[in-house]
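Next up: a single chain in structure tokens, the form predicted on its own.
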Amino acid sequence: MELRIEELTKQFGKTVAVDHANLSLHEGVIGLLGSNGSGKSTMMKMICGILPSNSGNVFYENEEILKNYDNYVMNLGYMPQQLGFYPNFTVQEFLEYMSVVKGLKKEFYMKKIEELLMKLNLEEKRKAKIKNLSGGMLRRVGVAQALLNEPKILILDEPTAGLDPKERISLRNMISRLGEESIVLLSTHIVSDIESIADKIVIMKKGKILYYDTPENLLKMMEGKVYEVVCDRKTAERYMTEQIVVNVKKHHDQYTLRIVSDEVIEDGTSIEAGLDDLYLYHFNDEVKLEDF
């Protein structure tokens, strides 16, 4: 199974949101990593066929999706970043409504709704009105509606936003299992969510795809670039202004800094890199660490 993106481009006025993107996606979990404004959501909407591109095409099993869109959407599940709900519907009513919209048979979707309510810990909220749900609950309902038709292609835009740690772990495990038989494209700002389940990672910046590779290969590029430095406050302040500091810990009068640098940090110890280091290395100009 293949979902292929060729020279996909989207421009809003003079702003190029997605710039000639090329990807070939297969079964597994693909993490989409990038800061706000990098083009992640725009690319996802074009992949779903709900936002027209200025140029380029999306192919599912070697067929352009817009040429047989009805067949494509039967295999597609999508949870957007901004969810649109009917506030006076109950959770049960909303999922039944979405099942009808997707063209599912009642015998199938009633069983599927029961299964999803259980897996996403929503049984007790089935009669609750959408307008009374918390942000985390809404995310779970959004994931549920995306899974109603057992999609072969699952597009999830910030699915873990607003979830507590236990809910995030549970959802990550579900997504990992779905990736065994489906193409799952997952966008999130929570780097640890991608690090723990992604088979491959797409890194986007300012509309361009910088990298598309396995986490292991991406982290190999960071070898020799990550250091741990133990120092006093004055030295720590200097490093904060001169280097990319990923993390700061204070113990008594000593500070332990995690630094990403192309230069050798003479008074630092070289350590193994993680995805947080990779992210800050590429997006340091867009992410600011608070002063300490």
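Residue numbers run from 1 along the displayed sequence. All figures in this text were calculated on a predicted structure; none of them were measured in a lab.
Another form exists, predicted together with a small molecule; not displayed. Remarks below refer to it.
May I ask you to state whether residue 275 is within 4.5 Å of the small molecule in the predicted complex, using heavy atom distances?
No, residue 275 sits far enough from the small molecule in the predicted complex that none of its heavy atoms falls within 4.5 Å.
My question is simply whether residue 37 lines the interface with the small molecule in the predicted complex - judged by any non-hydrogen atom within 4.5 Å.
Contact check for residue 37: yes, within 4.5 Å of the small molecule in the predicted complex.
Does the small molecule come within 4.5 Å of any heavy atom of residue 269 in the predicted complex?
Residue 269 lies outside the contact set for the small molecule.
Within 4.5 Å, heavy atoms only: does residue 71 come near the small molecule in the predicted complex?
Result no; residue 71 lies far from the small molecule in the predicted complex.
Which one of 81, 90, 121, 173 is close to the small molecule in the predicted complex, taking close to mean a heavy atom within 4.5 Å?
By the 4.5 Å criterion, the partner-contacting residue is 81.
At 4.5 angstroms, heavy atoms only, are 12, 15 and 41 all close to the small molecule in the predicted complex?
Per the other structure, all of 12, 15 and 41 touch the small molecule.
Tell me the stretch among 28-36, 241-249, 63-71, 260-268 that has any heavy atom within 4.5 angstroms of the small molecule in the predicted complex.
Contact criterion met by 28-36 only.
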